[in-house]
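In structure tokens, the next block holds one chain alone, the form predicted on its own.
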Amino acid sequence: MKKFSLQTRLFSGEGSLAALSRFHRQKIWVICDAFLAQSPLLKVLKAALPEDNQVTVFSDITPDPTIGTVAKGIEQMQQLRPEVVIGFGGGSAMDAAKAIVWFCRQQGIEINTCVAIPTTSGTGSEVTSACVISDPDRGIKYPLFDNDIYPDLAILDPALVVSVPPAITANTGMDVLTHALEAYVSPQASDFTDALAEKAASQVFNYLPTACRKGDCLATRGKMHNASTLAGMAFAQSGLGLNHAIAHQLGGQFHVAHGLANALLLVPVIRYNAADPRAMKRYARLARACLLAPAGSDDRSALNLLIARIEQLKQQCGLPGMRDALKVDRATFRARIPEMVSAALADVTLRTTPRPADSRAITTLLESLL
């Protein structure tokens, strides 16, 4: 038996920030990073909130939110006792907000509404029961999964992402594609998650290059923003896999941007997973659904066309290669492999990978990146 549920109320499209007009005479706490706190986007957010609200901002969020940051946020939330918490920004801000709210609710501190408003199109965090917290001292990322982590409300306004630079647009877009692919081949995939993943992948292939090249196109940005949420909805139900289990380690050890880490691993992981007959058929089916392969093509041909399109997409978006992304020499990378393998094996996302991976397999994959 499989379960599918939609727990986050969604508002999307240009002008959807107007959904914030529902809040009146509330203590509202906005969680974002220091850059957004000084940017015009925060002014846009505040302008969308009725003036009778009391708005305060917590802007200590950094990329890959740490245990220390979350602890500091919990302390401030205990003092402030807001009625509405808004996670505003990329995945780091939304993950931090979700983690802070979740831990506080476990301590009996309730809020009325947790709102997620993404300003990048990639993580899907606005509609997932997951958040990732890092331990910089150990170089490990900890993914947390719990149904109580879902935001209550999410707002997808493409006007908030038009200023995202091409490199970040590319990285986050490849994160969307990885979410869709891993959700599609997961053993927990269903007809419902398939529909979401197929649509998300198709929109990435069709719109990501334009979003990188012409970022001020609201229609294109809207398509990528929606694709991010569709993929998030898919993997929230079906889980992820080996790609994310290893990508978390590249981020934790070498601070590679999460979407870029996923992109660099995507083809090697697909080739590894495709040795499993079911995964092979699923990849081929997705290639046909996205019109990358003819309807009558055999599975191997469809798989190869999928891989070729991914490689083309990476080139179109100007993604760097592994050496440029890591910024360390081979010896340093090799020395970290045992630690990364151990952490990847313990990563919760590995539970739904389509082909089991042991320490030898993960070591081989990591070594192939060199």
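In this text, all values refer to a predicted model and were calculated from it rather than measured experimentally. In this text, residue numbers run from 1 along the sequence as written.
In what follows, reference is made to the form predicted in complex with a small molecule, a form of this protein that is not presented.
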### Task
Please pick, from Ser190, Asn206, Ser163, Ser297, the one residue with any non-hydrogen atom lying within 4.5 angstroms of the small molecule in the model of the complex.
Ser163
### Query
Looking at Ile310, Leu41, Val57, Leu49, which is the one with a non-hydrogen atom within 4.5 Å of the small molecule in the model of the complex?
Leu41
### Task
Go through 334 to 342, 316 to 324, 58 to 66, 23 to 31 and give me the stretch that gets within 4.5 Å of the small molecule in the model of the complex, heavy atoms only.
58 to 66
#### Entry: Contact flag, Cys131 vs the small molecule in the model of the complex, heavy atom cut 4.5 Å
yes
### Message
Can you tell me whether Glu182 touches the small molecule? I mean in the model of the complex, with a 4.5 angstroms heavy atom cut-off.
### Response
no
### Query
Does Gly87 reach the small molecule in the model of the complex if we count a contact as any heavy atom within 4.5 Å?
no
### Query
Going by a heavy atom distance of 4.5 Å, is Thr119 a contact of the small molecule in the model of the complex?
yes
